[in-house]
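Only one chain is included here, represented as structure tokens and corresponding to the form predicted on its own.
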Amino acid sequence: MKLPITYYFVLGMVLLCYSCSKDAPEFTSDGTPYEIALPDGFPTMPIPLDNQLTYERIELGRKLFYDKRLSRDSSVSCASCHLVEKGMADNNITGVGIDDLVGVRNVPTLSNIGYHPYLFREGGNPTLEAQVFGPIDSPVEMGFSVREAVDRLKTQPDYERMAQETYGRSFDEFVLSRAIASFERILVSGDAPYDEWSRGDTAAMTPAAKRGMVLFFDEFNCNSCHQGFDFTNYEVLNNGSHVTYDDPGLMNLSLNPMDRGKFKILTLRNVEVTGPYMHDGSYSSLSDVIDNYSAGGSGHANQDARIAPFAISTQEKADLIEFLHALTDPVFLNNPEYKE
């Protein structure tokens, strides 16, 4: 079953407003403040005043992130689709939810998700807190409702206790969304070989990766979209990956035909382990992705002007892929703090 993206956008906003009712507390210093150890070159992460990070909030969020009771049949958790060893993504073509129902979009990575100005593939959700509600209520993901999930979990003494300790209120939608968002904000990736090279370790990348880096930044203009510390400018655009788009992308929100096929540019961090690629997982390898771009895309009417053909040799493609592999962060993929 496929529902329009506007459904999830409106749902998120309604539930966010509900959970931000006038009885929502302002941030207090209760709990042990948590300071994210940001890698060199990373900007300060924006964090809402009503959801400042504490160890206790993060621990509650981790517990919820791995709790399958958030799904109707208690078979699927957030972590079912966002696997640490897969860069907080998975390797399915598109997401798989309860009853083995197959979604229509590839699961995006959650690495550095706290920096994103908007969420979901078409950028249709405004905050991490609001985003939490979408998968729970999706009939092809968790197949539940947020209210039912809250009613189920608030009967558990540990959740009620942790809610009072972390947010000074009973377990409810506010606590659910803020806690999971708190955990997601600590998912920071910035310790790949490329990062080590950037910090002065000239041996951190292979010669092939260094050649590929030159191609990425100077020859093929990949960084016109995949730029900055997170290798994305977060734009929503049509990258020419398809001749026709069954999923309208941003058009689902704007209703503007000029927005058909527009999706958010994702980070390239850990891209080696997050395939398959594109919004629908239709590209099985990085080689296939590079072939699409070197061919100049599909030529779709809405295709971004930066997608233009370029010549690339077999050796250059291998070097470019080697550089992309140098964005794989072993510290992130093995971080025990992200695990259950």
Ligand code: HEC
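Keep in mind that what you see is a predicted model, and the values were worked out from it rather than measured. The first residue of the sequence shown is number 1, and the count goes up from there.
There is another form of the same protein, the form predicted together with the named molecule; it is not shown, and what comes next is about it.
In the predicted bound form, every residue of the candidate spot (110, 241 and 265) has a heavy atom lying within 4.5 Å of the named molecule. Of the candidates 175, 130, 76, 192, 76 is the one whose heavy atoms come within 4.5 Å of the named molecule in the predicted bound form; the others do not. In the predicted bound form, none of the heavy atoms of residue 171 sits within 4.5 Å of a heavy atom of the named molecule. Contact between residue 81 and the named molecule in the predicted bound form is found at the 4.5 Å heavy atom cutoff. Contact annotation: residue 216 falls within 4.5 Å of the named molecule in the predicted bound form, judged by heavy atom distances.
Though the partner is left out of this view, residue 87 does not reach within 4.5 Å of the named molecule in the predicted bound form, counting heavy atoms only. The chain is drawn here without the named molecule; in the predicted bound form, the stretch among 160 to 168, 203 to 211, 222 to 230, 145 to 153 whose residues come within 4.5 Å of it by any heavy atom is 222 to 230. Contacts between 293 to 312 and the named molecule, taken as any heavy atom within 4.5 Å in the predicted bound form, involve 293, 304, 306, 307, 310.
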